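Before any questions on binding or motion, here is one chain by itself as structure tokens, the form predicted alone.
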Amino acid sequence: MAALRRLLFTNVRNVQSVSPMSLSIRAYHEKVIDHYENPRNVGTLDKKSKTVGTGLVGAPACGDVMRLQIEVGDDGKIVDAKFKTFGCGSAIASSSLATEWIKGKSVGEAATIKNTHIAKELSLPPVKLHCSMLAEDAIKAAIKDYAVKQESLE
């Protein structure tokens, strides 16, 4: 958090008196900062495993790229989830939150998670909604990859 504060206020440190109303700095919500500084479930799973689904999505407009993986147990519940994201703090926070939420859920339950749920939880501003959309798309892509692998087993 201190690093982010330094980054945000670097340009105003030499100003003698700055009132809060005179600053027009947009800051991340504390939940975004928490997930950015302490991301949950960063890593990779074995993409060759038949129990692992991998979703890779990107937003060409901003350059964010998100890979989200799920590992599904014999009971159809997601036993593990990992992500790697190249992007802004909101994209990383959206991925981190998504992996937390889908662990322990059935594949069907995980598919019901919407970007609006993620955006609301992280208090994302409208300009950052695409980050939560990427997370939703990554979940769906991982589920689809898992389903295709399961069909090939039959």
Partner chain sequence: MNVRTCTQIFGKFSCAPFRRKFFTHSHKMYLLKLTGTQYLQNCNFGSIEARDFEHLSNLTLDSLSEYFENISESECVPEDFDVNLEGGVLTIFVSKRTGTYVINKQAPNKQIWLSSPISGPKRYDFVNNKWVYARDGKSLHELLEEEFSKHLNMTIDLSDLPYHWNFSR
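Numbering follows the first chain given and starts at 1. Quantities reported herein were computed from a predicted structural model and do not represent experimental measurements.
Keep in mind that the form predicted together with the partner chain is not shown, yet the notes after this line are about it.
In the predicted bound form, the partner chain lies farther than 4.5 Å from every heavy atom of Thr51. Although the partner is absent here, Lys47 sits close enough that one of its heavy atoms falls within 4.5 Å of the partner chain in the predicted bound form. Heavy atoms of Cys62 reach within 4.5 Å of the partner chain in the predicted bound form, making it an interface residue.
A residue is said to contact a partner when one of its heavy atoms sits within 4.5 Å of a partner heavy atom; Gly58 meets this definition for the partner chain in the predicted bound form. For the partner-free chain shown, Lys84, Phe86 of 73-105 come within 4.5 angstroms of the partner chain in the predicted bound form, judged by any non-hydrogen atom. With a change of no less than 3 Å, the CA-CA distance between Ala59 and Pro126 is larger in the predicted bound form than in the form shown. In the predicted bound form, the CA atoms of Thr44 and Pro60 sit closer together than in the displayed form, by at least 3 angstroms.
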